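What follows is a single chain, given as structure tokens, in the form predicted on its own.
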């Protein structure tokens, strides 16, 4: 018997740019629409970050990033307006304040709905679905940009970030919630379809061709990150500030109306209905300290994206074994690395979104190695299978926790 568990929505935050050396904003496609849950007051209320049933999020950073830390002297004269919408398989909330806040939220909602219709692999009318049906084709600006970034991120993470793993996810039922355990033989037949090097991308002419029949892509691992960056651009255009919560992927643009930083609470690994933490090793030294904790720490920020990935977000159980949705592209099975939760903090939401999954697959040591090489572009908050908390020193002045923190230097 298979017991299905799908985690509910939690509010979170983060920001983004291009693969490790950000290339500015994506091409400027037409705006679209969306909305999400958030704390609508201007006080110090905390925002919990995690993930909903779907994936994480992103934001954009360019030469104007420093504008996000400026406080509007008239900010307290504006009401924080909030818009909610269901898109990308999750509930979303946008909050903004400023003279043109309502117009900014209208445009943001339109943009989210546009991107959802364009990029959802599960929707037969989307551009991505049609590419999968046809083995490639002509690309819109958005899709061309995301495929190019995905391929670059795949190379930077030794294949841990992989948009072509979609057929394997389908075999496990993580795309339609018809969960099952595929046989070793079935996975052996599907794994040759996995590999971004088998995508022939012509970035100049905006076309892609799949080298093998049966290949399929899914951009869900960076779509929300990209979407939050697009919405940040909209906030910037309308000269408003606020926060964007795409079902647990959070991006903030500027401080709260009272001038203080947003407080982003990082969700603790969820317990099962049996009140257990199967994500931790049986002898986990840190499991007792997690008892009763809703979150593992709080990050204060006014200009970053904060995106979390964890196996507890979506999983199913069969015969006492738990299978989560984060697939290791090299094995075809749920990742068995030594991390249970990965939060990426960056001014590049697309990067943060992709890395939150990639680092989960790579594990603590490899993730730390990549961070040391690119510490100027992102930071991490990690929990390992022993329940130990690791945080990179770049956010030492922003992050606090009741748990013991092991600082990564």
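This structure is a prediction, so every number in the text was calculated from the model and none was measured. Residue numbers count along the first chain shown, from 1.
What follows is about the form predicted together with a small molecule, which we do not show.
For the small molecule in the predicted complex, the listed stretch (215-223, 315-323, 137-145, 254-262) containing residues with heavy atoms inside 4.5 Å is 215-223. For the chain shown alone, residue 361 is a contact residue for the small molecule in the predicted complex, at least one non-hydrogen atom being within 4.5 angstroms. Using a 4.5 angstroms threshold between heavy atoms, residue 228 stays clear of the small molecule in the predicted complex. Residue contact with the small molecule in the predicted complex: residue 356 places a heavy atom within 4.5 Å of it. Remark: residue 241 does not count among the residues lining the small molecule in the predicted complex, judged by a heavy atom distance of 4.5 Å or less. Proximity to the small molecule in the predicted complex, defined as a heavy atom within 4.5 Å, holds among 234, 165, 268, 151 only for 165. Contact annotation: of the candidates 337, 105, 120, 327, the single residue with a non-hydrogen atom within 4.5 angstroms of the small molecule in the predicted complex is 327.
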